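A lone chain, given as structure tokens: the form predicted on its own.
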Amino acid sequence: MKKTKAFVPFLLIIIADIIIFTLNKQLGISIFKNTYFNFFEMFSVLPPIFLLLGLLDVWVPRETIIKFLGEKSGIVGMSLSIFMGAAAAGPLYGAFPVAAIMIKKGAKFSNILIFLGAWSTMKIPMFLFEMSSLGVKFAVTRWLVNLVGIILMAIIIDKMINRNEKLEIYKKHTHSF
């Protein structure tokens, strides 16, 4: 029953799309075309991500993740999380399965948040594009502001979420694989 509830929003969107199509065919066709292209993009991105996740899960021992990204990783863990997020390719929804593997392997909660923040705002190709089109000063300033903001937010969120809530998150993701 729980898995069926997960599809309710999806089904409601399909019903809304069908209603829109019946009321305004041109808008409905546009909606279905956009949906088709979004699904095509998503399904072209996800298989390589899941392949890499499978390799990461098998080839990288839990102890290595704990050493470099775990509770005692300090600045090394933060730096590695930033680099992994900034160097990653693909849309943001590709970051969440990676974060789930990081949870499974024992990465520190704040490092996972830093990784997600870096993936969403600090991509290296975007930084290079900004340097060439908007100027070095703008690109470096934005990157540094994001860097500080991501680290501060991760630390604040890490402090706000109590130990039991974190354990529940880790337990949920450890048993889902």
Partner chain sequence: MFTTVLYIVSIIFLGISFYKDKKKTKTALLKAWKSFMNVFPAFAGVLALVGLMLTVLTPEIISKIIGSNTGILGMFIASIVGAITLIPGFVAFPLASSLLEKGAGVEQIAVFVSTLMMVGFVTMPLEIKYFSRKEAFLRNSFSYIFSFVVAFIIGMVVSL
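For the two forms, the rigid core is made up of the largest set of C-alpha atoms that agree within 1.5 Å on superposition. Positions refer to the first chain, counted from 1. Here the structure is a predicted model, which is why all the values come from computation and not from measurement.
What follows is about the form predicted together with the partner chain, which we do not show.
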key: Partner contact for F83 in the model of the complex: the partner chain, 4.5 angstroms, heavy atom   = no
ask   = With the partner left out of view, is M78 within 4.5 angstroms of the partner chain in the model of the complex by any non-hydrogen atom?
value = no
inquiry  = Within 4.5 Å, heavy atoms only: does I66 come near the partner chain in the model of the complex?
reply    = no
inquiry  = I'd like to know whether P97 contacts the partner chain in the model of the complex, with contact meaning heavy atoms within 4.5 angstroms.
reply    = yes
query = Considering only 124 to 154, what residues come within 4.5 Å of the partner chain in the model of the complex, judged by heavy atoms?
reply = M126, F129, E130, S133, L134, K137, F138, T141, R142, V145, N146, G149, I150, M153
request  = Return yes or no for F50: a CA shift of at least 2 Å between this form and the one not shown, with the rigid core superposed?
outcome  = no
ask   = If we fit on the core, is the Cα of F68 displaced 2 Å or more between this form and the one not shown?
value = no
